[in-house]
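A lone chain, given as structure tokens: the form predicted on its own.
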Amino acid sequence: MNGAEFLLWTRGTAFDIAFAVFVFGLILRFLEIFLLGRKPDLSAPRGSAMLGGVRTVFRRSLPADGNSFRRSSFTIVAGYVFHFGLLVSLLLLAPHIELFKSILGFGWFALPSPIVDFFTAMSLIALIAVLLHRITHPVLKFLSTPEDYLVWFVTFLPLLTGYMTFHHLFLPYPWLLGIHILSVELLLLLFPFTKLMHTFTLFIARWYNGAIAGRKGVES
């Protein structure tokens, strides 16, 4: 198999399989969550569940207070740098936007490639720093499981291979692009069945907790 054939395979058969597993996995996990149901709250409402849910989703996406930031400043800063860089590289790079346009039927503005490249590099640095912090911090190292390192790897790999593809590093371009696409497909395959699923479930959990508190008329 040459580079062109490998690229065609990753863009065709491999992508179809990975995307099908991704969609099936998401549906399965959401069914598991929502079919659990919830007991009806028969008490008189003292506030708005909807507003409470929205408020909690927003508030818990920010550091709680100054003390919280001082205690976990590294984790908070590295987390924001990584997630922001990831979103920029995923959503604001012109080739990615063209891909979304081919699927969704519409696109949006793209940032200049050097800017996206900068944020990708910052995201890679943040991920490396998070890994080093995890393996050198006694408590984090003790609490970490093989799944934590697997999730880190499959998150890091698409960013790394995308950066290598953009800069044409080490291998011919068709091989680089094919490896990048394959790394994304690996992420799609594992996404619904690992802690990566928190991308969706964290907002569900936050809204649910906030809605319960909001209905009772208290803050969450």
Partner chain sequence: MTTRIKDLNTAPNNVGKYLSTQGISRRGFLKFCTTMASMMAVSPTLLPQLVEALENAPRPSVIWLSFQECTGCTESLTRAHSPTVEGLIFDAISLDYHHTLQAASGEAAELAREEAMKAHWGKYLLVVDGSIPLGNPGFSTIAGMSNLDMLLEAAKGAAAIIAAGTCAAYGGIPKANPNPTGAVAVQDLIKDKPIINVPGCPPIPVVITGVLAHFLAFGLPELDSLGRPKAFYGQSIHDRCYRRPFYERGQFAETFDDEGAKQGWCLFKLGCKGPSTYNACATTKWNQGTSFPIESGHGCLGCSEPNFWDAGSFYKALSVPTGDLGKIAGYALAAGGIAGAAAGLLAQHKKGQAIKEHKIVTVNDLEKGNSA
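Positions refer to the first chain, counted from 1. This structure is a prediction, so every number in the text was calculated from the model and none was measured.
The following text describes the form predicted in complex with the partner chain, which does not appear among the structures shown.
*Asks:* Counting any non-hydrogen atom inside 4.5 Å, which residue from Thr145, Thr136, Ser73, Ser102 sits next to the partner chain in the predicted complex?
*Replies:* Exactly one residue meets the criterion: Ser102.
*Asks:* Pick from Ala121, Leu87, Ala94, Ile128: which residue has any heavy atom within 4.5 angstroms of the partner chain in the predicted complex?
*Replies:* Flagged contact: Ala94.
*Asks:* Hey, in the predicted complex, is Ile179 touching the partner chain, heavy atoms inside 4.5 Å?
*Replies:* Output for Ile179 is no: heavy atoms all beyond 4.5 Å of the partner chain.
*Asks:* Taking the partner chain as it sits in the predicted complex, is Arg11 in contact with it (heavy atom to heavy atom, 4.5 Å or less)?
*Replies:* Output for Arg11 is yes: heavy atoms within 4.5 Å of the partner chain.
*Asks:* Might Ile204 be said to contact the partner chain in the predicted complex, defining contact as any heavy atom within 4.5 Å?
*Replies:* Judged by the heavy-atom cut-off of 4.5 Å, Ile204 is well away from the partner chain in the predicted complex.
*Asks:* Mark Val23 yes when one of its heavy atoms lies within 4.5 Å of a heavy atom of the partner chain in the predicted complex, and no otherwise.
*Replies:* Although the partner chain is absent here, Val23 would touch it in the predicted complex, with heavy atoms inside 4.5 Å.
*Asks:* Could you list the residues in 11-36 that come within 4.5 Å of the partner chain in the predicted complex, counting only heavy atoms and keeping sequence order?
*Replies:* In sequence order, Arg11, Gly12, Phe15, Asp16, Phe19, Ala20, Val23, Phe24, Ile27, Leu28, Leu31, Glu32, Leu35, Leu36 come within 4.5 Å of the partner.
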